[in-house]
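Below, in structure tokens: the form predicted on its own, a single chain.
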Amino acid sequence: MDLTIRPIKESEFDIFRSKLVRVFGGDIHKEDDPKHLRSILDPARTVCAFDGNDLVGTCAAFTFDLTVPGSTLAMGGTTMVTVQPTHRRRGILKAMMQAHLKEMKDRGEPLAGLWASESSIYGRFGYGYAVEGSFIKIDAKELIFTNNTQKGSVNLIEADDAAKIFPDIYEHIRQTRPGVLSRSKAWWDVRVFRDPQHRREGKSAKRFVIYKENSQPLGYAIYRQKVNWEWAEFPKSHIYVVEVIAATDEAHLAIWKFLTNIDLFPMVQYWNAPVDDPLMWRINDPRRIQRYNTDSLWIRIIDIKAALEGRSYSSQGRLVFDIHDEFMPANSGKYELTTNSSEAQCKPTSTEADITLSATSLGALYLGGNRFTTLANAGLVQGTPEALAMADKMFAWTCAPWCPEVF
């Protein structure tokens, strides 16, 4: 095997797209114009494997800002990772990931993030399971909300109008919740509002609703419908929620009242709600909502100093971390983190460590969605009870992290 790792050329974009789709079991559809993918993906941010002239592995990065506790940081979004089935178990994935993380480090991105197609793969490259999402199913036929007041109004709008309004609402909440990603105009156009029929899986086109108070937009929802109707039976049709973004509690309540009260569509599903979503506390019978949590965003710390100094902390303190990073050995070492009410400082040190952990565990803990004591109980973090308790207080945040979309 004559292996070369490099970005694709512009002339190789179509073959990149074709090889990528094939590994995931699909085919290029006639509606899938390559200009859509090209508008959100820079070929210079691809890291691909070639066996001679044959493209046998793909990997790429989207350019994001990620909301972290109290701030935002640049993040490379690891995506489109494939190895052709003819070339498995030859070290191709490892070689691509080494080049991929180096590319991010060279760009000055302190973080990498991904949604894992298989959850067993990326821990060995230093990505930690940092964010969960809740899949919820609601039988809304007898759903009763405990609060029946509503200040504003919910209205259906067309995609063109939604495109003018939704980004500002999204940007408002993006500043407040760790795990949420920036969206460029091209991202909104291609990933949110573009809606080819072959991607609908038998469901309707996307519907768009807006919540306003005193003419001010404060929330929105995107959803699909799917009819399931048999004569002389109760309706069983579904609402499939794509996204709910609410800037206020009133907006959240009004939007969910609307989604769960659409005639003939009593079954409601949302594949990725925040794990701390208050919906179940707004109804009289929480068993009407079935929930299970699953991993969503995985975080890889590339620059430990920049990452730890780039977020805020919920309490002041001083801890020394002994971090082991097998995939990026230059990161391994002891780091002293000191926090106060206004800033954090992180620097290498030779003093005795309070807490020992891997880069993978640090990624899992970084956004505040997991606890040091939990990972210590699982044998993944070592430290005294006092140090672990302090770390839990420092890294905790006011809301759970949430990543609204797969990339």
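Remember, predicted model here, so these are calculated numbers, not experimental data. From 1 onward, residues are counted along the sequence shown.
As for the form predicted together with a small molecule, it is not shown, yet the points below apply to it.
Novice: So, a 4.5 angstroms cut-off on heavy atom distances: do all three of F16, V21 and R38 pass it with respect to the small molecule in the model of the complex?
Specialist: Negative, none of the three is within 4.5 Å.
Novice: Since exactly one of N147, S117, S184, T176 fits, which has a heavy atom within 4.5 Å of the small molecule in the model of the complex?
Specialist: Exactly one residue meets the criterion: S117.
Novice: Sort through V81, A140, V190, V241 and report the residue having a heavy atom within 4.5 Å of the small molecule in the model of the complex.
Specialist: It is V81 that has a heavy atom within 4.5 Å of the partner.
Novice: Given the stretches 119 to 127, 200 to 208, 330 to 338, 279 to 287, which is the single one in contact with the small molecule in the model of the complex, using a heavy atom cutoff of 4.5 Å?
Specialist: Among the candidates, contact is made by 119 to 127.
Novice: With heavy atoms only and a cut-off of 4.5 Å, decide whether R88 touches the small molecule in the model of the complex.
Specialist: Because a heavy atom of R88 falls inside 4.5 Å of the small molecule in the model of the complex, the answer is yes.
Novice: Is there a non-hydrogen atom of K94 within 4.5 angstroms of a non-hydrogen atom of the small molecule in the model of the complex?
Specialist: It does: once the small molecule is placed as it appears in the model of the complex, K94 has a heavy atom within 4.5 Å of it.
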